[in-house]
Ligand SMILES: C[S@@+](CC[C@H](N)C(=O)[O-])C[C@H]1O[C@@H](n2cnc3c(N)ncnc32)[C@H](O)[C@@H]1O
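Presented below, as structure tokens, is a lone chain in the form predicted on its own.
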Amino acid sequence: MTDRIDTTRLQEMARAYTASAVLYAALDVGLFTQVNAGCTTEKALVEATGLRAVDVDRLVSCALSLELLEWKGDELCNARDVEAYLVQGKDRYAGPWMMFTRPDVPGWFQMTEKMLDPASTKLGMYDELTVESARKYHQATSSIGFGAARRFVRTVDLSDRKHLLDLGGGSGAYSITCVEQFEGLKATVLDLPPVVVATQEYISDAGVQDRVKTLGADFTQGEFPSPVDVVVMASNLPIYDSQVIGDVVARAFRALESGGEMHLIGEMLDNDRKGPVDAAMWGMNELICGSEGRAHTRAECEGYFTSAGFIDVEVTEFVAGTLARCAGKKP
């Protein structure tokens, strides 16, 4: 007897956007922050949010169904991850990151037209970056970036390294965290000129101006500062195509001292390209953002490293289901 098939999985996929919309609305009205503050009944939420009772009923029902809210007796409470990351004012508040791609939503529903009539450039959305848009970008992404950087220093020992080159370092999360962790290390964040203005603000806030410098440049062209003994490129892999990534890795190899190392951290596909879904979707996001980027497999990333001359190349899990780390050493 064969298993019966139905349309359930396909229907869930067709309506997946509704879950995103509910999460956005809940953040808009501060639902989880209000619940944390003691508004644990729908009556209290009506008073706190100014919404109609029927709309609070609808929103709470959706949030309960999506396991964003839970019942604790007769009162509402936040799910554990919601309580940790979606309550405004908490140190780990990630609301801006959750909202980061919200402006892109219309573009995802124009995907067919964009594929039939493509208009892309090497840098995509970054072609028109300003200081203000860079600030806004990193206000949304920095909390996640610093979290990943803390994971990096727990994973990789740079205690014998002297100078880190941080390619596309944005907020400077990796550079700042690394110099704080490893006493003898200095770092240079290389990113687009409007971005490094924002980077310098993060560096100043951390009080590491004497150990972290910035260089305003497009890392997709030109030779890198040298010599350095460690290069990191994190969370911008899908933005670029294979030619650009291969060239960046080759120029990083040339900039490194003998015995130096490079770490490429990004959303990598498994070699059969059947996941992770997140990696595939970040690749598709580049169609929406107007770049020529794509999702890269682990094997492709290993290939960029070995073609450049790196040895001891390996790809390891960095954040399960989201990020992998490709590393290699220069002989």
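Since this is a predicted model, take the numbers as computed values, not measurements. Throughout, we count residues from 1 along the sequence that is shown.
The discussion below concerns the form predicted together with this ligand, not included here.
Original post:
If you check A252, L86, L190, I245 against this ligand in the model of the complex, which one has a heavy atom within 4.5 Å?
Top reply: None of the other options qualify; the answer is L190.
Subject >> Contact residue in the model of the complex, chosen from I239, V231, C178, V212 - any heavy atom within 4.5 Å of this ligand >> reply: Exactly one residue meets the criterion: I239.
**OP:** Please state whether every one of the three residues G145, G168 and T220 places a non-hydrogen atom within 4.5 angstroms of this ligand in the model of the complex.
**Re:** So, yes: the whole triplet contacts this ligand.
Original post:
With the cut-off set at 4.5 Å between non-hydrogen atoms, does V195 touch this ligand in the model of the complex?
Top reply: The answer is yes: V195 has a heavy atom within 4.5 Å of this ligand.
Subject >> Any non-hydrogen atom of R161 within 4.5 angstroms of this ligand in the model of the complex >> reply: No - in the model of the complex, heavy atoms of R161 and this ligand never come within 4.5 Å of each other.
Subject >> in the model of the complex, L256 touching this ligand (heavy atom, 4.5 Å) >> reply: L256: no contact with this ligand in the model of the complex.
Original post:
Is L123 close enough to this ligand in the model of the complex to count, meaning some heavy atom within 4.5 Å?
Top reply: Yes, contact at 4.5 Å.
Subject >> Stretch in contact, per heavy atom within 4.5 angstroms of this ligand in the model of the complex, of 77-85, 168-176, 152-160, 108-116 >> reply: That would be stretch 168-176.
Original post:
in the model of the complex, which residues of 200-215 put a heavy atom within 4.5 Å of this ligand?
Top reply: Nothing in this stretch is in contact.
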